[in-house]
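Look below for two forms of one protein chain, each set out as structure tokens: first structure 1, then structure 2.
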Structure 1
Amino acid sequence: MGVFLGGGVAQASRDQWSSSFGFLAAAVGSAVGLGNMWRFSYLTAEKGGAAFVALYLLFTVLIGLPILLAELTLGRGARKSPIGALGHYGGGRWKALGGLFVVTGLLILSYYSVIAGWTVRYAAEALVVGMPADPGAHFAAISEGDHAFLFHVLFMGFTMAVVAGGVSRGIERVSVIAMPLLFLLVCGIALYAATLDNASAGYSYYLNADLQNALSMDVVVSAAGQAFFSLSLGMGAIMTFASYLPRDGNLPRESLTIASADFGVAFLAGLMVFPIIFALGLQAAVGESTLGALFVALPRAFAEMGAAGRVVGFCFFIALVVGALTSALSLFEVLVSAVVDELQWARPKAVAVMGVVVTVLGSGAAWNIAVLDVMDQVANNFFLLLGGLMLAIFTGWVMKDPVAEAAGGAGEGGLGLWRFLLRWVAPPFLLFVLWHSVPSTAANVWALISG
């Protein structure tokens, strides 16, 4: 894609993406994270295979894409972080919604950095000493405590260093290298996995078409939730990245590109994970814990593959590190951009202060994995859904003319349907998912507090 020439209303002091590819690499990186590398394939295998994929794609079109385009529209139009963007279009009372996005980003990054720290450690160990002989005991030993905290600090330190460089000289420079590398690693491992004996059994398990299972209420809720979570919606990351865009970009096309790339990585991840697990007869290790499968079952598989497993394991965990980093950069930029815009702090000060805040808040998750699990449930099952619901209502019903704002550089073709989906389809679906997810989340929070 060509180099951006700049927008007509650009603020002289506000950074911009230097190219459309740079923006798309960063936006796709925001969406592609650890959830794509395992959660999608795990849910696909457990909840109806190809039928679940069809539901996921349906909900991506009906819910994910409309809200993704809404975030792009608000960010580019206001050229401000979430608090300022919502205030720009809705007045002071709507700034609270922008504040919710910032709080959500803070909460997610604080524990996400702990998980990312695990991936860094596993990648380093795969290179230096190979996979652990007892992956279960190893994960139990390193997933909480002083070592988990140390790698959490290390990962946050690198994230801070990149974001301190700004959008074009920091986040974009890393993203344009990291995202092609991630695609190459995932494709390479998937091709290698296809050569293994009994790989076909893994494909059959992954892509089974269980229509009866897929039409159950639990699966419908899971597919809707995955479509929403996978695109990093409801946390202001895409909105913040869009605030650095010029006015002449085609937002509907870019939203479709982001969603397609996000799905592509998630789908390919399943093609690399399940053939490896089934080729080595470890399918029984795929239990209820997604993290356990990621950090226990797969390392066991790599260990049993011998020398080849050491190489494949290293590449796999490097891919996880890359996915974790690109997502963390977008989350941290939400916090930094909000502080820079609202408090008029210089970027170095904002990076330093917010980096310390995230690191301290994440220390609870680093020292107690039960805290991490509850933080994840609260963020995913409540904050993200609530933020997305309110954003759909705001863009569909409150914003004066979202169609004209989104049309800049693209024309208004099809945008009437977009507004219809924001008004009449996305809110009921998100309310439905909230209704089913909040009670269990509240029970888990209470169990942690009372226990």
Structure 2
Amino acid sequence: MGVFLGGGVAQASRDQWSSSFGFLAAAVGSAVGLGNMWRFSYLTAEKGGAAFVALYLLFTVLIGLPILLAELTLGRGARKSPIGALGHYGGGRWKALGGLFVVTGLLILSYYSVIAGWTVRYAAEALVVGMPADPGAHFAAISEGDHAFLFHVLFMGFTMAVVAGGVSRGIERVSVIAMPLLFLLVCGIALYAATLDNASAGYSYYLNADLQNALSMDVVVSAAGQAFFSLSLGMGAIMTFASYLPRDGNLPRESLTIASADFGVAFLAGLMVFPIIFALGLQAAVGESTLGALFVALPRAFAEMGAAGRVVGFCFFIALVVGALTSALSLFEVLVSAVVDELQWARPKAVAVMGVVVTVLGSGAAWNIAVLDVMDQVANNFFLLLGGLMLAIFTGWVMKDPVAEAAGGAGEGGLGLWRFLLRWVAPPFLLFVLWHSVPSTAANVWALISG
């Protein structure tokens, strides 16, 4: 039986968010994840502190926000998953961009789930056995190999179970509980960190800009990639979620809420991580930061804090698990909705087949952390930036009257600036960044392949 929705498009009972808070919780849940806590803090340490943070904030506002609003607009307007939505507004050729999103989603979710698996393991260990005695050796032992694969499978199992429940009864139900919980945990830990002696050394490391650093292209590329990854942009995740929106929401306001919450949690993550590490004199771990830093330096700090550390450590890793799960839901929904809409598969079949594909693809990352690292770089410094570039061009130049579409439920205030940024700022900026990131990313891929 068909249900008739605004715009006169007949849709066979497409699922819909049951409340605007439900949508916001899910969209913020998508944005806030390992990107804000794990990736943000390790990159901030690796790329020199506040200068990186400032660039990342700048890119979030100037490039991220306009593309976020573009994704919301396209998804809500077309009420289809990205392949269909792009086809709806741009004709058959643009469907290929939706295809690129699916490929990107497969790539990201397959290694994201491996890292999420580490967090599940750390949370469980914090509860049952406490922090490891030798965190470095522990991380080396669990981050690659059978164990990493097992926890990756476990995490994909959770993700599949929730997404199988559908949008309003699966993803929304989990997000409305998970997101408030995550905010509470992160705020609580940041407050606790502020009480530690010598917390100020951590703050000054985190908040003092070394501007020299911000001028390096490597930092610019990383900050741009991070802005996209953290906001879940450039691969249709937000677009897919927006396709389940009713017509009356205020999209510009929602884009602001999502971006502020996302930046807020990343900023708070820095306020918890750096004071804790510096208070315990572990700054050397920050200096040599790699993608494992959070899983080595922090457990060491938690172990030194005794009983309090065990509680804080547990809360910290639970926050990571919760953030990772709600982000994975959105990554997975892109894949599932694509086959449900394009191939007319039933949702359970889509979940099962895509779940197996992701699990198998992720096995490379689970068995070799160097593969994981390169997958992350290729996804962020290439695919998301390319997806974002194409989205900006599409919405700014190809789509007819995006302003009217975005204004529905809101009014046109500020949308002239939005279109200007999409047309004249985002494309040249993203081309410039890609121009610089492609050779180094390709070199890293080559180095991995040639051993």
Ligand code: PHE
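Here, rigid core means the biggest group of C-alpha atoms that superpose within 1.5 Å across both forms. Residues are numbered by position in structure 1's sequence, first residue being 1. As the structure is a prediction and not an experimental result, all values here were calculated from the model.
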| Which structure would you label as the form predicted together with the ligand, 1 or 2? | 2
| Any chance the CA of F228 moves 2 angstroms or more between the two structures, core superposed? | yes
| message | Rigid core aligned, does the Cα position of V403 differ by 2 Å or more between the two structures? | response | no
| task | State yes or no: after fitting on the rigid core, is the Cα displacement of L55 between the two structures at least 2 Å? | result | yes
